[in-house]
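To begin, one chain is listed below as C-alpha cells, in the form predicted on its own.
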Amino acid sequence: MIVVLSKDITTHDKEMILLYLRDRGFTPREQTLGDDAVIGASGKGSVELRELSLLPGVERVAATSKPYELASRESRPDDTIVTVGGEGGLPAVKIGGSRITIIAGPCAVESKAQIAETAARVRESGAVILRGGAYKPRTSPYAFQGLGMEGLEYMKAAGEACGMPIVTEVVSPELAVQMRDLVDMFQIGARNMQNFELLKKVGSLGKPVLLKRGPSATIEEWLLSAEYLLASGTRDVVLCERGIRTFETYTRNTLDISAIPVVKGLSHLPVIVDPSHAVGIRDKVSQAALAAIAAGADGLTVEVHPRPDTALSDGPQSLYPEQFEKLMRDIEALSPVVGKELLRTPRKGAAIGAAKRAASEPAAAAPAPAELPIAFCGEAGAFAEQALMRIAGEDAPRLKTESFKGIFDAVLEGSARAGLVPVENSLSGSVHENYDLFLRYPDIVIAGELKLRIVHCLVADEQATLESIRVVRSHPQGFAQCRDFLDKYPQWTHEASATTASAVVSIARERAPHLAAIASDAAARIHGLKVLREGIETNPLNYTRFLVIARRPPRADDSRPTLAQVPALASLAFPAPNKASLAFGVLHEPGSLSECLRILSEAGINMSKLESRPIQGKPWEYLFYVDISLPESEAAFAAAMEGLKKRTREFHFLGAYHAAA
C-alpha cells in the first residue's frame, strides 16, 4: 500500500500517519516517488482505506495488488522519467516519456585512448550517454576483469570531453561507495540482479540505476529487484531487458521482446533494451535493436568498439562505429512510426560556441532565456503539444495561443523563446496560413523540423457508446483524415472546432453521452475522457510536419541563418542543418522559373518541394516556396543563393535546419 502525502503536510501530521499504520500492523517507510513524498506500508496489517485517506496530510491512498508496491503502475499511473547527469556542465539526459535515449560505448574500458576514441565516435552518431565497464564480472577468472578505478577515471574524462554522462557496472557494495563521485548512473548487471545487499547499498546512494534483468529471472523477480532499489532510497530506476537463457543456442541469449510491453503495463519505470548481450552476434544486433524500439522500448544500450576484432571483452557482439551510425539513422526513421523522437542533447563544443556568440552581441540583442516557454496553438493534449514535448521534453514550459499568428507574435515579442507551427500534412497537404505568416514576419526564422505521426481517436464521455453518439466535433482536417470511418455513421452531425484538442475540451465541459470528438488519445487522457475507437484515420501513413520557429538572430548571415546562431535554442539540440527553405517570386520573363531551378541543379542542390502561393494584395502574382537539401560545399551553396537573388523578386531565406529521415 502507498500513501501519497500532501505537498504542505506538517511534521506532526506525518508522525500521526506513521503511528496509525504501525498500530494496525504495517511496517511504514518514507519514500520519494517522482515528485511525490509517499509512505510505503508493507506487512500483514489491516486498514480501512477510506479512513486512512481522510487523515490530515494524506492526498490519496493506492492499495496495490502487486508485491512490488513502489515499482507498480498502480501506485503511480504516469510514466516515470529518469534524469541522468545535469551537473558539472553535463547535459541532463532524460530516459522515458516520448523520446528514445541511446546509450553506447565499449563493453570494457581498455585504455585511455580507446575509451576517448569510442566516446567521440558514438557521440558524433547521436548517443547521449557513454557506457563502459571499469569492473567486469567474467565467467572465467582468467578473462580480462577491467581496469578498475583507473579505467573509471578514463571513462569519466572521456564523458566530460564529449558532454556525456556515464553509466558503468558496480559489482560490490564497497565499490559503490568508492565509485559514487565518478559515475552519473550505476548499472546493476544481470549476474547481480538478486544481489540484495548490493541493491540496498546502491539504492541508498540516491543516484540513477540501470537494472539489468537476470538471465533466468521472471518479470516479477526483476521488478522486485527494482523494488529493493526504490525502497532503499533512489527514485530513478531504469529497467534493462538483455535477453534470457532458453534452450536456443543460435544466439547468446533469447531477447524477450514481449517483456517490453508487459513490463510497461505493470510498472511506471522506463524500459530499455541491450541488444548486444541479447543476441551476441554483431550482424544481428541492429535488427534486434529496431525490433525493441518497435515494441515500445524507451531506449537502447549498445556495445560499440572502434576495433571489435581486438577487443578484450565481447568483441563479437560489438558494433563497428560505421554500423552504429547506420543504426542511429534507422532509429531516427523509425521513431515517428512508434510515436517517439530520438533524443538529442547539446554538444559541449556547440554550447561553448553559442555562449561565445551570445557574449559578442550587444546587451539589447541578448537571446531569450532558456526558461521561457515554447508556444503552440491549441489546448493541452493537442498534436502540436505532443510534437513540442518530443523536441523539448515533457517538462518543457509551454505557452498556449489561440491562433497560429499568436505563435509568431509570441516569438517576435519575446514572450516565447520558440514556437511550433504545422506546415504540411502527408494526406491533406500544406497549411497555407503558416506559409504566408513567414512572409509577414521577416524577423522569424525556421530553426528545426519534426514529423509527427497523427493517430486519430474517437473520444467521448465515460457514459457514451457508439450507439449514443449523434454529434462529432473536430478540426476540418480531422474530419478529412477520418473520412472512411465517418462514412460508416452517416447519421452523425459534424461540428468544426478550431483544433482537435479544443473539440475535446468542449466534450469534457458538456459531459453529454451524445457528443464525441476526433482527437488524440493524449487529449482524452488529459481531459478525463475515454477512447471509443483508436486509429480511425483512413490512411495510417498520416504525418504532420511541424517547424520550430525562433526570432532571427541579430547580424545573422541572411543567406544561411541556422540554429547555431540562435543561442536561446541551443538546449533543443537539433543536429547540424541538412535542409533549407526559401521563398521567391520570379521575373515576368519566359523561362524564369526554369532558370532558377537550373541554378540549383548546377550547384548540386536537390529540391524536395516546390509550391506556389498567391501574393496577398497583388492579384495574379505568386511566390514559390522551395525546400532544398544543403550541399556539402558552403561555397557552392552561397553562389547558388546569390544567383537566385539576381534572377528573382522578393527573395526570402526562411531558415536552415535539420530534417529527419
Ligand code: PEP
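Note that residue numbering follows the sequence shown and begins at 1. This is a predicted model, so every value here is computed, not measured.
What follows is about the form predicted together with phosphoenolpyruvate, which we do not show.
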Selected contact from Glu110, Asp236, Glu169, Glu385, since only one has a non-hydrogen atom within 4.5 angstroms of phosphoenolpyruvate in the predicted complex: Glu169
Since exactly one of His475, Lys212, Arg99, Lys156 fits, which has a heavy atom within 4.5 Å of phosphoenolpyruvate in the predicted complex? Lys212
Name the stretch: of 450-458, 186-194, 395-403, 514-522, exactly one has residues whose heavy atoms fall within 4.5 Å of phosphoenolpyruvate in the predicted complex. 186-194
Complete contact of Lys136, Arg242 and Glu303 with phosphoenolpyruvate in the predicted complex (any heavy atom, 4.5 Å): yes
Taking any heavy atom pair closer than or equal to 4.5 Å as contact, tell me whether Asp274 reaches phosphoenolpyruvate in the predicted complex. yes
Phosphoenolpyruvate in the predicted complex - contacting residues of 465-479, heavy atom within 4.5 Å: none
